[in-house]
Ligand SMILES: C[S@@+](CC[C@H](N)C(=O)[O-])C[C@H]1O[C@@H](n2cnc3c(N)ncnc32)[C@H](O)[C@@H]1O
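The data below hold one chain only, encoded as structure tokens and taken in the form predicted on its own.
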């Protein structure tokens, strides 16, 4: 199951407030963008979802390829509980763990890892260490997908930061990087990197980075 049909099933499995949030998230990460990432992920095997929140994308990617075994990690226990409920309601085999990716007791190896709009919420001095840990959890030849926001055009970055601040407040530090900076960092960590800018009707400067562990 793909696209809007899969998204609708996820929304119906959520309480009202979280359903509103899910519709907002899926209006940002539209089916076209999700399809790009879906094609980059393995069709089966173990996949790690970093910062999974309510498990929206684990539920989506689990529906498109049921042979995937997705482990979602998030520090918010309530979100993890709801992610389990959604996954179970959809009949998926996903699992979820409460924890911070920086020190959670996650056991590899994984065939793929994805990090969707999470890296810029990680403190600047921890970002490289997080990517290094994800590399170590991957099998050789495994894929790390980073979907994030690049820093150009400037208007797009300011638009995104404004919406981020509405969600997280003014106290949380945000560290956006240009996609070439992410690419250089991943190359130094032993990945072969491909990047694509994905246009949107809204001015989000989306970038999808697919990094293969060498």
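Residue numbers count along the first chain shown, from 1. Keep in mind it's a predicted model, so treat the numbers as computed, not measured.
Here the subject shifts to the form predicted in complex with the named molecule, a form of this protein not shown in this document.
Asks: Examine residue 109 and determine whether its closest non-hydrogen atom to the named molecule in the predicted complex is within 4.5 angstroms.
Replies: Because no heavy atom of residue 109 falls inside 4.5 Å of the named molecule in the predicted complex, the answer is no.
Asks: With the partner left out here, check for me: in the predicted complex, does some heavy atom of residue 52 sit within 4.5 Å of the named molecule?
Replies: Taking the distances in the predicted complex, the answer for residue 52 is yes, it comes within 4.5 Å of the named molecule.
Asks: Can residue 99 be called a contact residue for the named molecule in the predicted complex at 4.5 Å between heavy atoms?
Replies: Although the named molecule is absent here, residue 99 would touch it in the predicted complex, with heavy atoms inside 4.5 Å.
Asks: Would you classify residue 118 as touching the named molecule in the predicted complex, given a 4.5 Å non-hydrogen atom cut-off?
Replies: The answer is yes: residue 118 has a heavy atom within 4.5 Å of the named molecule.
Asks: Any idea which of 63 to 71, 149 to 157, 180 to 188, 44 to 52 reaches within 4.5 Å of the named molecule in the predicted complex, heavy atoms considered?
Replies: Selected stretch: 44 to 52.
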